[in-house]
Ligand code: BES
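Let's start with one chain on its own, the form predicted on its own, as structure tokens.
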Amino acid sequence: MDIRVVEGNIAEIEASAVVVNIFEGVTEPGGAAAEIDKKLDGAITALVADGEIKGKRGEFTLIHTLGRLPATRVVVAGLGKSDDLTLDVVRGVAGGAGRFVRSKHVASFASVLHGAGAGGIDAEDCAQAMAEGTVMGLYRFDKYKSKSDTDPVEEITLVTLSGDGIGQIESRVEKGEIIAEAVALCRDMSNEPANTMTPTAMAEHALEVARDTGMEIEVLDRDKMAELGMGSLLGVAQGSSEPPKLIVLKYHGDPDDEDNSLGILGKGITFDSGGLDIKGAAGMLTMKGDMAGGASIIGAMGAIARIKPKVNVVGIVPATENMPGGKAQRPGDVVRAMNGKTIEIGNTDAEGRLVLADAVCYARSLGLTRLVDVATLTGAVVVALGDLAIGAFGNNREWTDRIIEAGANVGERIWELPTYPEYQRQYRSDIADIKNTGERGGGAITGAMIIGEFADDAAWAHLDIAGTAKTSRNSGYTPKGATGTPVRTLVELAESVSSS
């Protein structure tokens, strides 16, 4: 897909479709929509008066121009209430507009910069948000379908009235495309069936990203993990015939200051049967996506390497299946993590914290002191927050707040839950240092805190994306399926660390 920026009046643009906008509650269109309205003999004003166009966020109305404009179609996009306008609203409207236009079998279209100049939103920020939203909204995973339902959108033209700063707008569009493509990679990996997205396949995707960006990469195999003492990760892996991989990507954005570093880690369980504590059929059906956290790390690392913030970032993905084979670990087994801490297996289906325990240990062995891990860790976080917010847990107030702020800046909602030390009693073991399970109440909290046991004195936070990693409906810039969260938060976090 090609996104270009031009100076001009959208009413004079020749295109299969042009997209303009209107706020909710407005009785007469303004700006570019007013220019279009004049050419259409007041058609938009009449439709507003009739109540067909209300301007509600995500509302799209198609008008055929019948030769009155160089463009053959006009799409009027609702922005919602002007007081509620944010960059995330712009992203969502751009994504929805792209899908709406594509549904009309339009291969290229032009659009105004939605909301630029309103609510303090400048053209550059708006352009990046629109590039992100449009590319993410037009995403689809149909590689296994014999025939696609619709033709792809091949070209998008963003129209700005003034040529001032057009170079900066183009630069921000390019950045938006980079970020959206990273989200698409995460979605692609998460949407793949488990018979093709194996731990080895995850490593191959990471190798491709490293080749494309010049990043350093190392992939540790089972023997190397055993040499390092990663008994926690290997305990999960021992029930599967698929070889486990520990994927390590390194971006050196500030090579003169090794302390200016960040570690991002992601759970890469490419299929989670539950192990010997096997899941029911319904619970197992979506477990191909249990590697979404790891996919988000690989996607984010690719974007970070292209955007080039001044910070060193290490991405670590422990990738394995969790299967009930003849060699699978048993409830009651005890494993030893890389740092020597022992873990009693209370339930083999609580495997994400086990693989991340060794990943965190490995990150600490590299000297990383700022860590964030991402995982589809618990059903309990879905009970707590539904599918609208990521659960956050941490051991350092400043660091956790920084991650939450990064999410807010890009429209990914993150809500913190407590990590009171009193919760630790839930995962005490009679025969080992800790158990991998707590009690039913506070399950998301204890799952996170078990990972935090391995962070030592590093600033650490955990993001539980079990509720947000996939969606069952199309909405804004998020089509049905894997969402690609929290790639954009991780990129924003790296940039925020870079600017400090």
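Heads up: residue numbers just count along the shown sequence, starting at 1. From a predicted model like this one, the values you see are computed outputs, not experimental measurements.
The form predicted together with the ligand is left out here; the points below concern that form.
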query: Is E351 close enough to the ligand in the predicted complex to count, meaning some heavy atom within 4.5 Å?
result: yes
- request: Evaluate T378 for contact with the ligand in the predicted complex, applying a 4.5 angstroms cut-off between non-hydrogen atoms, and reply yes or no.
  value: yes
Heavy atom of A466 within 4.5 Å of the ligand in the predicted complex: yes
- prompt: With the cut-off set at 4.5 Å between non-hydrogen atoms, does K341 touch the ligand in the predicted complex?
  reply: no
field: Segment that reaches the ligand in the predicted complex - one of 355-363, 266-274, 383-391, 128-136, heavy atoms within 4.5 Å
entry: 266-274
message: Is it true that T86, D88 and L158, all three, sit within 4.5 Å of the ligand in the predicted complex, judged by heavy atoms?
response: no
task: Sort through N347, T150, S82, N195 and report the residue having a heavy atom within 4.5 Å of the ligand in the predicted complex.
output: N347
field: Contact residue in the predicted complex, chosen from M287, I121, I178, M215 - any heavy atom within 4.5 Å of the ligand
entry: M287
- request: Determine the residues of 124-143 with a heavy atom within 4.5 Å of the ligand in the predicted complex and present them in sequence order; the list may be empty.
  value: none
